[in-house]
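Before any questions on binding or motion, here is one chain by itself as structure tokens, the form predicted alone.
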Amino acid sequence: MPVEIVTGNHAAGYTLAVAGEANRNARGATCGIYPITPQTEIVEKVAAFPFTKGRVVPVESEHSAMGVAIGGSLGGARSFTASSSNGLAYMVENIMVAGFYRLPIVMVAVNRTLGPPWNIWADQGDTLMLRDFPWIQFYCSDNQEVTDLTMLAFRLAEDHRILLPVLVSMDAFILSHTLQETDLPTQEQADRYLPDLELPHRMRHDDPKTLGGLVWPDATTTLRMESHEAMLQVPAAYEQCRTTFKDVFGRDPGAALDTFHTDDADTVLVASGTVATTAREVVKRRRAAGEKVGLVKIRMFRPFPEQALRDACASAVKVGVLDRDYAAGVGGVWWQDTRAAFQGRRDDLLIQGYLVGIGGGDVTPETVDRVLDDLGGRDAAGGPVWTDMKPEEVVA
């Protein structure tokens, strides 16, 4: 398909639809839909698609939207949905169920601030609250990544070594409602990339079974261990999906993380989503001025790419983590995971957390400059730095 100028929501909805249509020779597609700003256009796009074999089900709540996806997936259909913010919070019970049932559901989430107070702007706190569920998580920095990772998510989720749901996230309005040149997949490409889904544990009329019944603790432990082992196989499976993606679509969806000028950097920023795009331009400018700064853009949050991050920061003495989220009493979630990745391995590394764009505030080049200036002046890490506040208002 020729490159089109589309919003992130259009890209996501279209890609979900053609991925679902690619399963028409098997058991078709299922999508539960419920509107919530700023993702509503995604499910509207899906609802308008002329599926050969599939059903889009409008429901009364986000909880039921995931319930429809669960039911469809248990029946062997390629299943998906989309949501945002408090819609995800309302959906949490069924999000958990989908993960523990090992269902290869794909969900696109448009990152929006959780309320109250009510706020429709970008904040990753809504999807990061799901970080401890058995869901693979991706974070996108442009509309092409939204398209590519949504398509790749189905192949990864449906791999019999994995069989875990996948969450693909993008920043509200910055991507969801912004037009960008995007190479959308053709139906023929989707058909070639995605094999017919055959879910090993799908429900069958000729082989009735009970799912999700009461078990003893040892059975629960076994199931949790199996999910953990599947997560451990995700990085290798992802790379295989990535290789096949390049063969079919002629472009690279990217590794679990991208590095930019990290080989000799003494200072490295860690960021995700559109914040990473802004940070890259600042790093480029500071590099031109002779500063040894670098950037790591993390694309895959779950499972967290610990070894790749350690390798990327090998030369660094200071790391600044940019979080567009807040965990009460702790600080940024990405900061927590970054510190954990280095625990017991690098006593010489200063890792400082910065809270940026909380509640949808602008993250400008000046914001990133302030982060680098603060980081450069530090000889010890402190509590999270609130970059959107005036210096005299910050409690370090």
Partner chain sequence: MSTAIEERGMPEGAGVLTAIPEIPCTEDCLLRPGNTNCGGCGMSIGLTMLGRALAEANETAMFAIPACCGAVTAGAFPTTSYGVPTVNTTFAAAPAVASGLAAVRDMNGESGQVVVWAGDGGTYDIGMATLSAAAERNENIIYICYDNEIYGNTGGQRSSATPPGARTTTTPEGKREDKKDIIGIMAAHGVPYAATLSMAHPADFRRKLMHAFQTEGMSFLLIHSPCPTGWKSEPGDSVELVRLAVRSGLFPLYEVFEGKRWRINTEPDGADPAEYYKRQRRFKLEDLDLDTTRRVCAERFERLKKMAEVFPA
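Positions refer to the first chain, counted from 1. These figures come from a predicted structure and were not determined experimentally.
Although not depicted, the form predicted together with its partner chain is the subject of the following passage.
When its partner chain is considered in the predicted complex, only one residue from Leu152, Ala279, Ala77, Ile136 comes within 4.5 Å through any heavy atom, namely Ala77. When its partner chain is considered in the predicted complex, only one residue from Ala219, Ala255, Leu179, Val317 comes within 4.5 Å through any heavy atom, namely Ala219. Among heavy atoms of Val57, some come within 4.5 Å of its partner chain in the predicted complex. Taking the partner from elsewhere, Thr30 is found to have a heavy atom lying within 4.5 Å of its partner chain in the predicted complex.
Using a 4.5 Å cutoff between non-hydrogen atoms, Pro195 does not count as a contact of its partner chain in the predicted complex. Not displayed here, its partner chain is approached by Glu93 to within 4.5 Å at the level of heavy atoms in the predicted complex. Partner contact region in the predicted complex: 65-73, out of 364-372, 65-73, 41-49, 333-341, criterion any non-hydrogen atom within 4.5 Å of its partner chain. Of the residues in 190-214, those that come within 4.5 Å of its partner chain in the predicted complex through at least one heavy atom are, in sequence order, Met203, Arg204, His205, Pro208, Lys209, Thr210, Leu211, Gly212, Gly213, Leu214.
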